[in-house]
Every structure is written in C-alpha cells, then in structure tokens.
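The chain below stands alone and is given in structure tokens; this is the form predicted alone.
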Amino acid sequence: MAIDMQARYLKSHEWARQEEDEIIVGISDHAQEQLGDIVYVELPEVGDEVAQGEAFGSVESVKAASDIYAPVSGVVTAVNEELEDAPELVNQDPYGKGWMIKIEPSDPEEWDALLTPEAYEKVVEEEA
C-alpha cells in the first residue's frame, strides 16, 4: 500500500494535497485496492459547494459502490474529466492522474483536522 507523504487523509480513505490556493482530492491507494477495478466515477460540477465530511460524489467498482467525502469545505474549482472515459486511472495512479476534484477551501483551519500520513497508516493497520 502506497501513501502520499505530502497529503492529509480522512478516516474514510480520501486524500487531500495542498497546491497553491487549492486542495486536490482523491481516494487513497488503500481505498482503490479495497474497491477493486473502478468502472465509474460520479463527481460534482465546477462551482458546486462541498462541506467537510459530506459526500460529494461516488465511485463504483466491480465489487461495490462507495461515496467520496470532502476533506475540506469550499467551492469546486476543477473536476478530473478524464475519469469519465477512464475511471481506471483511479486504480492505476490514485495520487496522480486519478485525482478527482480541486477545492478552493473556505476554512483553512479544516486542513489541520485531517489525518497526517502517519496517523492514516495507523487507521489502515487497525482495519486490517
């Protein structure tokens, strides 16, 4: 299981990485491994508002469907449209080409509430 040491995490297995004024969001390597082959990704529209801890979309795999939760509140500034035609990018490169949305955060303090990579590793170990 790979972990992006530059990212922060939610217990529900989403990752968030700060890039300039935006937060890039996706699901962790662990999450995509648990789901198996992802066949469909549902994402919000640019301009939609998301709230920390609330579902903003979903991923469907051959095994299950799962909601995706926002790590921070804010406005969606970009959506990875490549996932419409190539949802398998989430499996192949969860921290790179498999990113899902970018958020302009409305409350910078929410970042501090996210799990560090080390804390997230413990969450995954406890689930195993």
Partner chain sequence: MVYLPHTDEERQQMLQAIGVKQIADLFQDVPEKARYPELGLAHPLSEMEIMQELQFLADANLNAYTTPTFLGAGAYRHWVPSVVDDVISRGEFYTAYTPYQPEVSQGTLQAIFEYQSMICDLTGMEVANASHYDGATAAAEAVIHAYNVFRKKRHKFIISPTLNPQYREVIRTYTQGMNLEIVGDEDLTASAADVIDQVDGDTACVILQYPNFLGQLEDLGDLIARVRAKDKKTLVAVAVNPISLGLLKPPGDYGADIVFGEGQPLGLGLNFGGPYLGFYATTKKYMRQIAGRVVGQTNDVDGEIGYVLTLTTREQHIRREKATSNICSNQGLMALAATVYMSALGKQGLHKVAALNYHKAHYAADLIDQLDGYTVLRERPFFNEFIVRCPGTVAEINHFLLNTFEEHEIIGGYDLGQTYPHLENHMLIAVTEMNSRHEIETLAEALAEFPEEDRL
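Positions refer to the first chain, counted from 1. If you're wondering where the values come from, they're calculated on a predicted model, not measured in any experiment.
Only in words, not in the display: the form predicted in complex with the partner chain, which the text now covers.
A.B. asks: With heavy atoms only and a cut-off of 4.5 Å, decide whether Thr77 touches the partner chain in the predicted complex.
C.D. replies: Taking the distances in the predicted complex, the answer for Thr77 is no, it never comes within 4.5 Å of the partner chain.
A.B. asks: Is it the case that Ala65, even though its partner is missing from this view, gets within 4.5 Å of the partner chain in the predicted complex, heavy atoms only?
C.D. replies: Judged by the heavy-atom cut-off of 4.5 Å, Ala65 is in contact with the partner chain in the predicted complex.
A.B. asks: Using heavy atoms and a 4.5 Å limit, would one call Gln34 a contact residue for the partner chain in the predicted complex?
C.D. replies: No, Gln34 sits far enough from the partner chain in the predicted complex that none of its heavy atoms falls within 4.5 Å.
A.B. asks: Classify Glu42 as contacting or not contacting the partner chain in the predicted complex by the rule of any non-hydrogen atom within 4.5 angstroms, answering yes or no.
C.D. replies: Although the partner chain is absent here, Glu42 would touch it in the predicted complex, with heavy atoms inside 4.5 Å.
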